[in-house]
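The chain below stands alone and is given as structure tokens, in the form predicted on its own.
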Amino acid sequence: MARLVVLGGGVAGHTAATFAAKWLGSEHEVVVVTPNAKWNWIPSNIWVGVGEMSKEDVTFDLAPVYQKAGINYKQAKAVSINPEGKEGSDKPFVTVEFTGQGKVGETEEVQYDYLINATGPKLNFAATPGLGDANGLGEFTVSVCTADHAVHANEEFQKTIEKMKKGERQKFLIGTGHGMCTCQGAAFEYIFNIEHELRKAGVRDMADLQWISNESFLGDFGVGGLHMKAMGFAVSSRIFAESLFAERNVEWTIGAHVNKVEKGKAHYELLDGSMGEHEFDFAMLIPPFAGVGIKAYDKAGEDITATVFAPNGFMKVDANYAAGAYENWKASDWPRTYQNPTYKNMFAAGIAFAPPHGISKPMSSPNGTPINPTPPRTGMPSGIIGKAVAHSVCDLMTKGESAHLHEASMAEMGAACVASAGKGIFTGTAAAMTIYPVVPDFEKYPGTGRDTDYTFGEIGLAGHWIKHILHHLFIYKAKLNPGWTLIPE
């Protein structure tokens, strides 16, 4: 019997572990190490953050699901990896520290034959003074990155509504809290759900909404923007996004690096080097992501973290990390199998893998401050990569080391995104978009970098219904209910 250890129980890790357990059966062991007791459908956190859903609507307990799947579940966080074992043993292992199951603070060495690193990111609030620290979110802003954060965000949001009903005007600041953030989509959805709820509450005229983002243009979304088919025309995502902001009277500041947050005030630097500040009564600023800080050691106990992980803390995989300047970037730089180049029994999936470079064009201010979105690896690509990696590992375990590795390059992968702009059975709105491929390939698709026959978008009520249906569908799938394997990632 061989053992697969999966670090992380989010979209990529949960997908990898559950498919591996199904494909391997009882002949091999699957272990999941995750610090969380609950699974969270993060895309719906934005609805928790405006009071349209509860924490219970977007989470469920992991333990009974993993028990049903025959998965050995450890509520713990990975601290270090020893891919060569240690003195007296060649068996690789992960050192974990428990966060639950009655063993908080205890450590354990978990041996493995194969390892999938799918930890997701560390929410690096500490990168921006005032946004938070190493322990998490600070006191001046709110977040929708976790279900608990979203509950807190809604509590603060409801207070602003009460103030406006009493005649007190409120300023809202929503967007990215650092020049190197990703996940603009979550903030994009949140500001329009805030706007929608303010209209429902009858206080929209008492609110000033301000968007702030590290994107060099609205609609970049961390993928360098896109041209999509809409009403028979190829429309730039820039026009698409600017129209949405203008229609809803939302002001925007772009190309911004938020460098400091104080009570009621955010300071920022723009791409032209100028400095500015926005005052706010309510602010939701997404933090930048970093690796979770796992260390790596060789057999002698020497630190080999720089061999296994990139400087940003994400695990190195089969990507071209030597592409250099933007002009040299190619679609082929992106990983295909997500196998670690040094230790072939280690893989990374979802946000945990180190991308070769950005997708959006890198930019910096005259002061040398980098200000550009970092590449997204969440949602649909995360699930697809998790499943492909699980498939590769299962084949290696059952067919031997010469087994073919399955591929899921983001430069050959399409993805769908449904961005909510307000929740309501008859009043809801969402922008439904598909993009192919996620990473543009300008050699294969000169001009736009993407196939415009498969890159399209529409906004309307139907999009909201799709997002609502997907909410229930993906939670149904994650709970491993009957027919779960038939639901695509």
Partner chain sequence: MSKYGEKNIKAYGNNFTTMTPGPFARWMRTCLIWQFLRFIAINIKMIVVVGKSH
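Numbering follows the first chain given and starts at 1. These numbers come from a predicted model, not from an experiment.
Missing here is the form predicted in complex with its partner chain; even so, the following discussion is about that form.
Colleague: Quick one: from Met53, Val31, Ile459, Ile42, grab the residue that has a heavy atom within 4.5 Å of its partner chain in the predicted bound form.
Modeller: That would be Ile459.
Colleague: If you check Ile384, Ile371, Ala153, Val96 against its partner chain in the predicted bound form, which one has a heavy atom within 4.5 Å?
Modeller: Selected residue: Ile384.
Colleague: Among the candidate stretches 44-52, 23-31, 430-438, 58-66, which one is within 4.5 Å of its partner chain in the predicted bound form when only heavy atoms are counted?
Modeller: That would be stretch 430-438.
Colleague: Determine whether any heavy atom of Asn312 comes within 4.5 Å of a heavy atom of its partner chain in the predicted bound form, and answer yes or no.
Modeller: Output for Asn312 is no: heavy atoms all beyond 4.5 Å of its partner chain.
Colleague: Do Glu247 and its partner chain come within 4.5 Å of each other in the predicted bound form, heavy atoms counted?
Modeller: The answer is yes: Glu247 has a heavy atom within 4.5 Å of its partner chain.
Colleague: Look up in the predicted bound form whether Arg199 has a non-hydrogen atom within 4.5 angstroms of its partner chain, and give yes or no.
Modeller: Yes, contact at 4.5 Å.
Colleague: With the cut-off set at 4.5 Å between non-hydrogen atoms, does Asn367 touch its partner chain in the predicted bound form?
Modeller: It does not: once its partner chain is placed as it appears in the predicted bound form, Asn367 has no heavy atom within 4.5 Å of it.
Colleague: Tell me whether Tyr73, Asn82 and Ala306, taken together, all sit within 4.5 Å of its partner chain in the predicted bound form, counting heavy atoms only.
Modeller: No.
Colleague: Out of 466-480, which residues reach within 4.5 Å of its partner chain in the predicted bound form, heavy atoms considered?
Modeller: Contacts from 466-480: Ile466, Ile469.
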